[in-house]
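Subsequent text provides structure tokens for two forms of one protein chain, presented individually as structure 1 and structure 2.
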Structure 1
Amino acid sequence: MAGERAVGLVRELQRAAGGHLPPFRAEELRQALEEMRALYERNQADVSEAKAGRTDLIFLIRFRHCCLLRNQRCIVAYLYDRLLRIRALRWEYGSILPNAIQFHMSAEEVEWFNRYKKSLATYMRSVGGEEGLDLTQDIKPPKSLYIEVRCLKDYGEFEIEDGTTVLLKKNSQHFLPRWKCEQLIRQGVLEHILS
């Protein structure tokens, strides 16, 4: 049936729970675009015949045109929803995405993510004085300024604002400022220990 490939792309995104980014389906997208090209070419041929007097083709031309518009809406919805999810990943994980997530992105999406990341960084540097303002910190309001964290993997030395350096080794526990740890928690280097 006409339009099933494009609708399948949207359904797959709908099934992906909680903003999860499913793999980019380049082949299905190519097939949907190929179907649209074929529908358009058949319409062009039938329009020529309809102009010559075959009025019985008008309903078929309208049906194909509606299929084209439906496919177009589905493809645009698929691509736009993926971009919204990728934008949300920038806020969740920071400027460096885990490899498992990057593996699910197309080359164009990776390029868009990098441009978005640079644009956001430029904006954050432009507000808040000399140091700028990091909008990605404290996404949720903090209950305390310091938190206890456990290191999940060897990270190396980590410098705190007062100049103190802390060695982050696997399974070590530390009491650190929340705003310095949030990015590392999102990246999976640290884990917040809840009492």
Structure 2
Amino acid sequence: MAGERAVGLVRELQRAAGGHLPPFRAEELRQALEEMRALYERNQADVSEAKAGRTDLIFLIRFRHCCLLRNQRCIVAYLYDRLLRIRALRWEYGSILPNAIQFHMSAEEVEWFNRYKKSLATYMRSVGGEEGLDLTQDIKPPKSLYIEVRCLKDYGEFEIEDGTTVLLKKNSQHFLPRWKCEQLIRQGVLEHILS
């Protein structure tokens, strides 16, 4: 059935909720493009025949054209949605993505990600005076400068701005500057305690 594979790609993305990035389905994409190419070629052949006089082929040509447009729409939606998710990852994880996620991206997507990073960095540097402003911190308005965190797993030593290190051992509690802890909270190493 025409258009199945492309719709399959879109369905997979819809199932992967919550901004999760499933692996890049290069094979299915190739098959969908292959299908489009086959349809186009057949259309090409039929158009020349229709011009030669067989007007009953016009409906078939139109049908194939609709399939092509549908495939195009699905594939573009698939690629675009993945890009949006990758963009969100930059805001969540920072400039270095975990290996597991990078594995799921295609080479072009990695390229796009790097360019987006650069673009974001240039913008952040241009805003906020000399040093620039890191917009990816404090996405929710913070209530205090320091927060109390509890360590959920053994992480080892963690360095703070002024050079001092903190040993993060399981079940130890710390009172640290908020912005330093945000990364680790997102990664699940620390847990924010609200008293």
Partner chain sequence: MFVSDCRRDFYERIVSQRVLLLVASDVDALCACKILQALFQCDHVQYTLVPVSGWQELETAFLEHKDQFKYFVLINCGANVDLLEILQPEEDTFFFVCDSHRPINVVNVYNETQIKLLVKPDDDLDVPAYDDIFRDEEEEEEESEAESDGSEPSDKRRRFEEEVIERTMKRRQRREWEARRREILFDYEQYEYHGTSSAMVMFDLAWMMSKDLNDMLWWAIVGLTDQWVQDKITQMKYVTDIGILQRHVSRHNHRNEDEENSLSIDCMRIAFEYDLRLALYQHWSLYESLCNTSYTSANLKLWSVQGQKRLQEFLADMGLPLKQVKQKFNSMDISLKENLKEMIEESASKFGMKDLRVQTFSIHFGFKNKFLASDIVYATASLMESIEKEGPETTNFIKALDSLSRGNLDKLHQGLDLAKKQLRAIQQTVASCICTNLVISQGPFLYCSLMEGTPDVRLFSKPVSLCLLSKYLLKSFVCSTKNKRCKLLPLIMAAPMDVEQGTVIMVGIPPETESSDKKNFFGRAFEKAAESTNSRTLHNHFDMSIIELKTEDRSKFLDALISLLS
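Numbering for residues begins at 1 and runs along the sequence of structure 1. In this text, the rigid core denotes the largest set of C-alpha atoms whose superposition between the two forms falls within 1.5 Å. Just so it is clear, the model here is predicted, and its values are computed rather than measured.
- Note on provenance: structure 2 matches the form predicted together with the partner chain.
- Annotation for R62: C-alpha shift under 2 angstroms between the two structures, rigid core superposed.
- In this overlay on the rigid core, L13 has a C-alpha that sits less than 2 Å away from its partner position between the two structures.
- R186 shows a C-alpha shift of 2 Å or greater between the two structures [criterion: core-superposed Cα displacement of 2 Å].
- If you overlay the core, the Cα of V149 moves by 3.3 Å between the two structures.
- Its Cα shifted by 5.6 Å between the two structures, L168 is reported here after superposition on the rigid core.
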